[in-house]
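What follows is a single chain, given as structure tokens, in the form predicted on its own.
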Amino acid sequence: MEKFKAFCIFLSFLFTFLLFMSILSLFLVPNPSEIISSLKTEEMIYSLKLSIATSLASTVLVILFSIPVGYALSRHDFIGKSIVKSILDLPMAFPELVLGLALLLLFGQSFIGKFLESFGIKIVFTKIGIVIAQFFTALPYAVRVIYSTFEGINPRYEFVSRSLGYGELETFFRISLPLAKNGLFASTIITFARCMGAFGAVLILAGGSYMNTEILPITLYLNISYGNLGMAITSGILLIIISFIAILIFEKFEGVNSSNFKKVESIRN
């Protein structure tokens, strides 16, 4: 048993070391001056600004949609609920390229795409397409987190609110949402990081056009294709830094709220 325990711990350290070294190589292998010069290029600045702008827009849309969806799945029983949950989880199971192809057919060839184009709204190979691709890529993750959050909230608080005469909508905004704020924050951070890293769906739906629909993952892909390793590595470094900052914010916020929750529980007990 002791040998098995030692083996498991060894594997944990081994793969952690390999992952750490692979990430560290992005910072150590390239020439620092090359990274700095790549950061100053018009292409990198454009890519970074577009990535942040589209990811923020996608995150807002994802959270606005995932809150009612997660709440409905958590609190209500309805016909087809299991089917809805399964379909919402599908994008997490298959490659992003498949999702991108599905979105391309939906917004390019189906009646939905033609209907939107009749109003002058073009999705395929546009910046709107980036937001749509990021939205559908990140939505399943946000719904899963928010659903779990509402599942963890005792429904008796809502029952008490309803018994005091508050309506369902008022109870939702006064009781359910405040109790779910930690999960909503976690979902927002995860969603933003997922949107920043979205690649396959964006590439297929919005295209990988230079200085048009070029977000950071596309910049990495294009420059690897051109053989411009410096720009590609710089894109990867920026994505890692943004993800690391998101994780730090998430961990710090979770730590503060966990400690506050324990204090509240000790006072109640």
Partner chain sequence: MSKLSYLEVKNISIELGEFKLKDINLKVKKGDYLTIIGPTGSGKSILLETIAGFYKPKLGKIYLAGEDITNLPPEKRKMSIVYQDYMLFPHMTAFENIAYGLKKKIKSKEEIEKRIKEICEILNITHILKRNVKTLSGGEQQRVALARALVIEPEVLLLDEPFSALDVKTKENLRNLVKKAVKEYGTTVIHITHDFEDVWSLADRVAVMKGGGILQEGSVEEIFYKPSVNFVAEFVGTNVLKGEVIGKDENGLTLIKVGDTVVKSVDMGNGDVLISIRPEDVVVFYGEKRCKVKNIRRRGEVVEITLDLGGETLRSLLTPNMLKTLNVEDEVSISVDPNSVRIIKSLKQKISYKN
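Source: prediction; values computed, not measured. Residue numbers count along the first chain shown, from 1.
A second form of this protein, the form predicted together with its partner chain, is not displayed here; the remarks below concern that form.
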key: Interface stretch in the predicted complex with its partner chain - options 188 to 196, 135 to 143, 156 to 164, 91 to 99, non-hydrogen atom within 4.5 Å   = 156 to 164
Listed residue (104, 184, 175, 73) with a non-hydrogen atom within 4.5 angstroms of its partner chain in the predicted complex = 175
inquiry  = Can you tell me if residue 179 lies within 4.5 angstroms of its partner chain in the predicted complex, counting non-hydrogen atoms only?
reply    = yes
Contact flag, residue 117 vs its partner chain in the predicted complex, heavy atom cut 4.5 Å = no
ask   = Going by a heavy atom distance of 4.5 Å, is residue 170 a contact of its partner chain in the predicted complex?
value = yes
